[in-house]
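Coming up is one lone chain in structure tokens, specifically the form predicted alone.
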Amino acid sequence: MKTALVLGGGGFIGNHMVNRLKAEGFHVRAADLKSPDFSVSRADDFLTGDLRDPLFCRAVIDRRFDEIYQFAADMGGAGFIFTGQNDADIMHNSAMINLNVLEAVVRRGGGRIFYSSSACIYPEHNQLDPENPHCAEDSAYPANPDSEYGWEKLFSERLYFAFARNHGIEARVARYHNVFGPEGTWQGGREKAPAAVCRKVALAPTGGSVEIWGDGHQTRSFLIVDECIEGTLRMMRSDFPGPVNIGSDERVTINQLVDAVAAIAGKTIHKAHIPGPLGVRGRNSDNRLIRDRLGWAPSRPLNWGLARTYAWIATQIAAA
């Protein structure tokens, strides 16, 4: 039986990865600060602890695994990343986790490890035009991310590739673009835009209004978690180290995102535009490289993922 380790296995993407690996017949160990928020982990072995602690990290990585997935990070949506109030924690905590993980992997003889980077690494000056963002993988340098979260992710990409060169591990790196879906954080300040919009629309009466940060003309693409998992597995099991974008190339404005969720809910919703943290004006996944190297790219329409996510969040609200 093949073995897999999912670091950050109590989180949104990590828990979905555990489920997929179990469905494929893997023996799965997961580790995180906490268990999944909305379901019981299917991991064969779930270790609860802090990967910033090198002793805990070594206890988790106590052998060589066939596949290691590193999702653990201090992260959240725009309300967490772009206020500036969490910058030191974001950089310190995530960097410590990655340093500990790589040291522990080398101690156990190496192996293949996937690192989840972010589209936040792309230069701010390439994302000023909401209708024409430039996010091809080779545009990352000269580096100029718009957040400390992006800077840490870019540093950690280089860290994984440096360990691959110097210590013989097999690193795989992908840059995620706004992953969302059922069982993701949907309240509390760390939720991403699709979950926040679904929550606001679900709570609003028809004819009511929801608050939107900025003018709503900023653009993004959003990737349903099912396709994130599929792309990650294809990347992990390929001969291509990356980095590569894993994201949808269906770009929408935030205003259009609200309209789409309102249509799914069957409600007339007005938008109240207010000041708030925004990030770059435009971002979209450039999928030319992933198509070329993996022969695959995400293809599910945004509405398919939004319908599933809205239904799940509405159920959570009803049960609260």
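Keep in mind that this is a model prediction, so the values were computed, not measured. Start at 1 and count along the sequence shown; that's the residue number.
FYI, the form predicted in complex with a small molecule isn't displayed, but the following is about it.
Engineer: When the contact criterion is heavy atoms within 4.5 Å, does L33 count as touching the small molecule in the predicted complex?
Structural biologist: Yes, L33 lies within 4.5 Å of the small molecule in the predicted complex.
Engineer: Quick one: does P298 come within 4.5 Å of the small molecule in the predicted complex, counting heavy atoms only?
Structural biologist: No - in the predicted complex, heavy atoms of P298 and the small molecule never come within 4.5 Å of each other.
Engineer: Classify Y310 as contacting or not contacting the small molecule in the predicted complex by the rule of any non-hydrogen atom within 4.5 angstroms, answering yes or no.
Structural biologist: Looking in the predicted complex, residue contacts with the small molecule do not include Y310, since no heavy atom lies within 4.5 Å.
Engineer: At the 4.5 Å heavy atom threshold, is R52 in contact with the small molecule in the predicted complex?
Structural biologist: Heavy-atom contact with the small molecule at 4.5 Å: present for R52.
Engineer: Which pick from Q218, N144, N126, N178 sits with a heavy atom within 4.5 Å of the small molecule in the predicted complex?
Structural biologist: Result of the distance check: N178.
Engineer: Exactly one of A73, A196, I224, L154 has a non-hydrogen atom within 4.5 Å of the small molecule in the predicted complex; which residue is it?
Structural biologist: The residue in contact is A73.
Engineer: G11, G14 and S116 - do all three of these have some heavy atom no more than 4.5 Å from the small molecule in the predicted complex?
Structural biologist: So, yes: the whole triplet contacts the small molecule.
Engineer: Where does the small molecule sit in the predicted complex: which of 65-73, 285-293, 247-255, 265-273, heavy atoms within 4.5 Å?
Structural biologist: Comparing against the small molecule in the predicted complex, the contact stretch is 65-73.
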